[in-house]
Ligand SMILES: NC(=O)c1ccc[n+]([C@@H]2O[C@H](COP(=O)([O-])OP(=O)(O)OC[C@H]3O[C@@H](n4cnc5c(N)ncnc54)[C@H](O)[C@@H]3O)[C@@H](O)[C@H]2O)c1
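Next up: a single chain in structure tokens, the form predicted on its own.
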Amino acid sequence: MRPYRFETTPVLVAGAGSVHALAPELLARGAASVLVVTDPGLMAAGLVMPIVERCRSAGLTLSVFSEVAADPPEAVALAAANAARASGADTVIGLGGGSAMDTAKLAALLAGTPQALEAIYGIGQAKGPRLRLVQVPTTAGTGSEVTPIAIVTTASHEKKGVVSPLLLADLAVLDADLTLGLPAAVTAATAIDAMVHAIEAYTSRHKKNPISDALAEQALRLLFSNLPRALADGQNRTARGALLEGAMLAGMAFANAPVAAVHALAYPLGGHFHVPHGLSNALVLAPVLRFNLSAAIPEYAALGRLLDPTLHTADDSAAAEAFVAMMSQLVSTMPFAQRLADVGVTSNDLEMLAHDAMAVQRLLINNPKDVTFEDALEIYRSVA
């Protein structure tokens, strides 16, 4: 047996309507004063206050921080931590997509143990204890509810990560009903993001292990088969639940077998052009898969056979090529931008993007194939 380590969120409560269990779960853990970290869109959509009022009716004191922005700037994370301190919170709830959940992680950490944000970037630099942390995702994408990672955007438009077991939530609540109102483009982009998590965990050069492999396989199976169903009928609770579960399983996988070049090349698109994270991943997924193909034939072949049983009679090379073709075809049919030019990137920006991608070595080292500056530049050019 090859040595490995696996960590994840200790308690999951899942199922349609499971958000109704939130107040009892909080009370059972001794919570009294709670800060909900969310974004203006969810406030406007009316998702937040019914949850808040239900918890207040149960006897909890709740405050709301609703200033989360996509690709949250450092200032937003610090403001959320200040809000937690000012409200006297003993618990922080992240309610929303990855940006809200990542901000909640840092709010719970920095309010629990004040420390300079810039001093804890990287792996294992954070200090505890933190406040109690609960995550309630409203998108099926990032899997942040089960990962020890929080990503923020610096003033210089860099994506920086805090990676620490301290950021694993105490509790995650997965309620597919909270995802029923997602627009098709958001549904598609977040699901592709989750598929990238599964694929990159499965091919990660470092820390790949049997548990992460099994989780990645099941995640990809759920996501690939249910995304078309959710796009065809956004109110399909079964499909929505499967996407949410798939995103969570993919999150568990990549939390323990880290992601690689797709994410490294996606980060500069979010940092400089504020492209949503899922769409950033989708834009570079197909060319990175093609780039990696020669170094990941056994893994891509296994994933291809997972999605298409007819490939069991094909050799590894053919099955791997079929997998790349399947994923490329899926992305090409999605209701979102397909080229960098569609999100404001010009040919003059490509070298800057490649330069910034090469700085994300903590992810590039996990890629099955070494990536040079010229490789990154060519990948961007292929989807310009």
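What you are looking at is a predicted structure, and each value in this text was computed from that prediction instead of being measured. Residue positions are given as counts along the sequence shown, with the first one as 1.
What comes next is about the form predicted together with the ligand, which is not displayed.
- The ligand in the predicted bound form comes within 4.5 Å of no heavy atom belonging to residue 234.
- Taking non-hydrogen atoms only, residue 202 never approaches the ligand to within 4.5 angstroms in the predicted bound form.
- Contact between residue 45 and the ligand in the predicted bound form is found at the 4.5 Å heavy atom cutoff.
- Using a 4.5 angstroms threshold between heavy atoms, residue 70 counts as touching the ligand in the predicted bound form.
- Although the partner is absent from the chain shown here, 142, 151 and 183 each have a heavy atom within 4.5 Å of the ligand in the predicted bound form.
- Segments offered: 174 to 182, 204 to 212, 122 to 130, 302 to 310. Contacting the ligand in the predicted bound form at heavy atom distances within 4.5 Å is 174 to 182.
- Residues 190, 193, 197 are the members of 188 to 214 with a non-hydrogen atom no more than 4.5 angstroms from the ligand in the predicted bound form.
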